[in-house]
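Structure 1 and structure 2 below are two forms of the same protein chain, each written out on its own as structure tokens.
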Structure 1
């Protein structure tokens, strides 16, 4: 076992443990009302109750399902547009200005339009999440396609590769680091936006709805539990994506 890695991991736990200690001290001395800042033991007890009832798993499944759908739609559309603009200056001139203008609109600014078109439906939530995943995927794919070395293009011309073969043999492998980075960022965006979607679109189910309902009833222990779950799942998703990215790009370090 690498001692240095263990030490680094333990250092990473130092701040969370310090925050937990400060939280416990504040609540123990009643410096803040327990109504607004429940003690850690109360939050832990409530978490156990919710786990035994299965409510957390139901809401978590709702959120993950919407994230998966929006994420897949967003990265697929972003990959297609980013690749098309990266390979064709004509397509870039046609769609680039519009894309750059539209992405300046804050993502929350699309909520009224989506509600007007789709109503307070699951489809509106999924499209909202897809928009968040679409932007970083498009930008990263476009940048990756444009970073192809001129030497590779010269080799492709010598062997008279057609565009599909050039794409699969040179462009996509060269753009893979940027594409994988876009996927990771898109996943983070999708996970963050699902909470906003579940709050702002006012439909039942999901962690966002669970948090909003608890906030309305001043059940701050449940609010804290929801925040912790959201942060934990986000951390796990990002960590998994980093592992996959490192494994898929292992060939680069061996060259």
Structure 2
């Protein structure tokens, strides 16, 4: 690794370290109440305690299970609708306007009605998450299905490809980049919404609830730690998807 890169990396550490120092000084001198800003060492100690106690893993597990279900339902539905609309202009004309109208409603706006219909249940939350994952997946898949250039369609005609093989060999592969980024966007959307669901549906269990409870008890250290964990998991999910994309789309790189 060359020296320049190391310097750049070290610079990246400067600001967080400075912030940490400021944080420490502020709390040391009690310029701000420890209720609002607990000292760094308290946060670290709480973090260790939480990890040792293990309840956090139960919450984590709960959130992840929920997000996985909602996400899978959402992207499956999005894939089906997106492909159908991409392949058939009749289906597009039939579903497109309604889809676009429904999409205008900010996702959090559906919460009250979901609560009314399904109550404060797991199902309500899963539907909510699925809906959030559904939009980007549908849009991206639809977009992807129209990526195939006319020139390649002619190749398919020259080789007398039938519809299923056209789909499998030509349309889906050319849609793949778009579909994969749809999956990635849906995933981070779903991850945000599971936290939202746990906060807004005000039910027990999950990281969002843990956070909310900490907020109610003004346990700032726990709020910090949950934010950290939630951010970290979001980052990991995104990163894993990117690696997957690079692997599956190897054909795009030229070297």
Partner chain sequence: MKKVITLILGLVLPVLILIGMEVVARFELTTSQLFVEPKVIFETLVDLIKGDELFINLGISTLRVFIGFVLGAAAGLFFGTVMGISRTFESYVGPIFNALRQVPVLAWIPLFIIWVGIDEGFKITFIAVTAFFPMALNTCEGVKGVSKSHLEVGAVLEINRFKQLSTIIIPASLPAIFTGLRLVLSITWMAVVGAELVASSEGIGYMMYRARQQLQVDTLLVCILAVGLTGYVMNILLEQIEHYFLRWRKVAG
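The shown structure was predicted, so the numbers you read here are calculated from the model rather than taken from an experiment. Residue numbers count along the first chain shown, from 1. Take the two forms, find the largest set of C-alpha atoms that superpose within 1.5 Å, and that set is the rigid core.
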Which of these two chains, shown alone, is the form predicted alone?
-> 1
With the core lined up, does the C-alpha of residue 18 move 2 Å or more between the two structures?
-> yes
